[in-house]
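First structure 1, then structure 2: two forms of the same chain, each alone, as structure tokens.
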Structure 1
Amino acid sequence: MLACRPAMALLAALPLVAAELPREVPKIYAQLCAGCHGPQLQGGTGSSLVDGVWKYGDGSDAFLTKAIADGMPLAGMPGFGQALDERQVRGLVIFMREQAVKAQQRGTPKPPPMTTGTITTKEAAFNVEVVAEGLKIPWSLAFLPGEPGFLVTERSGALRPVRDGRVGAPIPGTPAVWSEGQGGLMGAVPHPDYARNGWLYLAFSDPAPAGSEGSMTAVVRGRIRSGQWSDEEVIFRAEPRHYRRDGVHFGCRMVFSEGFLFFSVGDRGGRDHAQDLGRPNGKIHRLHDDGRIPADNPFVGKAGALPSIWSWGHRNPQGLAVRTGRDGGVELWSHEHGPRGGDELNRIQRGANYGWPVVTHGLEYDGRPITAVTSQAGLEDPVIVWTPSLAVCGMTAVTGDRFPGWSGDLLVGSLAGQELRRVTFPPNGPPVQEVLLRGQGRIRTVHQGPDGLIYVGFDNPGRVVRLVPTGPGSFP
């Protein structure tokens, strides 16, 4: 991916002649780039390619050519030099230039207005209320028992209080984060006994210590005293050799279940590491609330394995939720981003291997196959596969009586898909999905508040809305 391609740089110096554009270039864009940069190049997971702002270079043809061919691992941009020939890459550069002019003529695109009016779905009718605006990529919400409003993490590094629709200043003293690519300040969850002990847990991309480089997912806990982050304790921090320069796949979702803290760490761009029990990436971990290793973790005492690992073979899990099954059993659920296609919903079992990258339902971003194997003995099959990828992000299990028709269901957000989906589990047969929201923006996080309402965080414009029930839905 990082191969040096001097021929590319030479080609970039050729004059720009639109007539030479291969006819397939817009199709190549639609197939290989639109999923991340948006159908109109306006941005998505990847930045806008038409706003004239270049974050990683000077915007020259040579820079764009190299960015497309070699990719930029730090930023999370895959390379396409293996899938595209030089004419095609050149064509994309010209296509980006043409589209930039068109975008300028169209003017700044307006974000979709948040829907007003009652939305009627199968089991519930609800209104959507905006509760916070002006946020930058709100990644996670934390409702603190006994305190009004909630806290929100912004990926760039701020932890802010939100009360009565007012977004407060960042709480000073929170950990420094490595804010590259997909990294930053992400998960935030209160201790189940917060009312007594005041602990709040943060998951983030931790800057490498001196002598190492890049970043790795870390978890700390601390208390907010007089508006200040205090009493910080490290709950999980990997050894320096595990820090990586890639800007992708940090995981960072956390959930408490039966007194234990579960949290996800994505593969950090080292896909084979997901199958290596000696590495923390590509895993879901389980710890005591103070960071100690539970004696009954599956790999305790296994030579060469990290004892914090609970499940493995994950790509980038960014949804974790605990639901109570029909039999009253406590179930841990996770969803994860596939590559191109193959997003997964998984029921997480102790010690189980979820197969990435040995089995997957996805393709490389550049269209090359990864494997024909989607299922293999000894590896867990996903309960749901989403192809094309929705880019699933954020998940909660619904309880309580505000949405009785959704009780026990999982609500799943998605970035590229811009959908909020409900996954319900009929007593017989496979899970059933219903789309509750669509096309309102990229959904980053989904929570149920202590008021029983559903809170949904959107990337851009960064806002938090809540779903307020008005009735039982269309099939009472």
Structure 2
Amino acid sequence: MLACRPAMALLAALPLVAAELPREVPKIYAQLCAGCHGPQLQGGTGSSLVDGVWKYGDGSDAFLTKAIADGMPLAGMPGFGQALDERQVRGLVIFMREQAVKAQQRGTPKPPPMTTGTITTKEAAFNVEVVAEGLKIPWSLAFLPGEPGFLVTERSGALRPVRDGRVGAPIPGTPAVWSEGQGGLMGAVPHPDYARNGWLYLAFSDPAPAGSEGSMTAVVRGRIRSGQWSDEEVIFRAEPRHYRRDGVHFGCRMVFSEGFLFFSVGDRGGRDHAQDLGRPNGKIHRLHDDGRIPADNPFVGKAGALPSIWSWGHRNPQGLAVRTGRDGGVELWSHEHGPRGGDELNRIQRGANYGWPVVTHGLEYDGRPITAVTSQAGLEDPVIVWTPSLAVCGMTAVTGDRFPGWSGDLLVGSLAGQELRRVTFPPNGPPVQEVLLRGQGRIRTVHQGPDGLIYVGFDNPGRVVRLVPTGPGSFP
């Protein structure tokens, strides 16, 4: 297999020319690569393969062959040498070269234009308005009470103000961020009493301390004074032994509920760690606003368990939202990336185990099975499973009367699926889904602003739009 052979020897052994490109190679690219590198190889979470710019390596055939076979853990790329034969890997390299020439001939592939005019759905009609452009992978938005506009986090580590459609310069003094692979500056959430105390919470991939390697999800809080980040306090930082070199699965979403801060940490590529209560990864955590451990957390006092853990057995939760149920109770919801297939929507319960990787509806990225078990006693079943994966990312619960037909629903974004979905909960029967946006770009984040409008962040191209209602939908 490819993973066992030197890349240069492989290239010499396979003098494949474009005319001999295996017919299945474009399909292989669409199945294994397009979710990260884009359907036209233009880039997404992964870099562009057609612009001639290589963040890692020299872009040679030897480098690309080795990267496809062995993967690049720091960049968050799995290896496919166990699933693809040598001819298929060589075919992928040639396919990339051909597509790069075509891209140069027609110009860099452009993102789809944003839909204009009125979109009519079952419960509402709305316009899509662009409110910010020119961003670099905007991950999250934060609306600060009493202040105009909003803040946006970029994966690179920049925290920028957006006001009246103008994107400001990064706020200086924010934490150093390990911006590699899937890491970066992920979340920004104001304290529920922000108007009084000014606390803003940031979640990010934290570089390992001196003498250690890797990175890990961390949470801090601080204040913005005179345009500068100040008063920083650590809310959550893992022990150095938990930092990992893998560039994948950081999470991280944050939400306040009933005075507590909930935040997600992905498994960081250590899938079995999700079942280890002594590790922070693969968990949703619950803390007081100042980082103290709540006395009623489910694993307080349990030997070997981290007391901040609220739920466990998660893969990579990148959506977290609080909604009010029909009984008036507060519900915490999360969605998470599956591997190849098996994205999940879960209602999060105190102390519950959501099963990863003991149970899953997904496969390895190269198509090999992980397990045949999709449900098991003692493990929580997902409320919704998306197979094939949408690459769910970003979620909000709708409240208020700007979209009265959506009140109480969840809005779910997706990266590879390039969709915004509405999930509604009938009094009887399973949840119902409706696609509100499709094919407008990779959706990274979804928020409801204080004006009641829905704000959606796209990472390629980096822009933020809002949905503005124009009237009721087409159905009574």
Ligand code: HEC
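Numbers given to residues start at 1 and step along the sequence of structure 1. The structure displayed is predicted, hence computed values, not measured ones. For clarity, a rigid core is taken as the largest C-alpha set superposing within 1.5 Å between two forms.
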Only one of structures 1 and 2 is the form predicted alone; identify it.
2
Superpose on the rigid core, then tell me if the C-alpha of residue 296 is displaced by 2 angstroms or more between structures 1 and 2.
no
I want to check residue 95: does it shift between structures 1 and 2 by 2 Å or more at the Cα, with the core superposed?
yes
Would you say whether residue 39 is displaced between structures 1 and 2, judging by a C-alpha shift of 2 Å or more on the superposed rigid core?
yes
With both forms fitted on the core, how large is the C-alpha shift of residue 30 between structures 1 and 2 in Å?
3.1
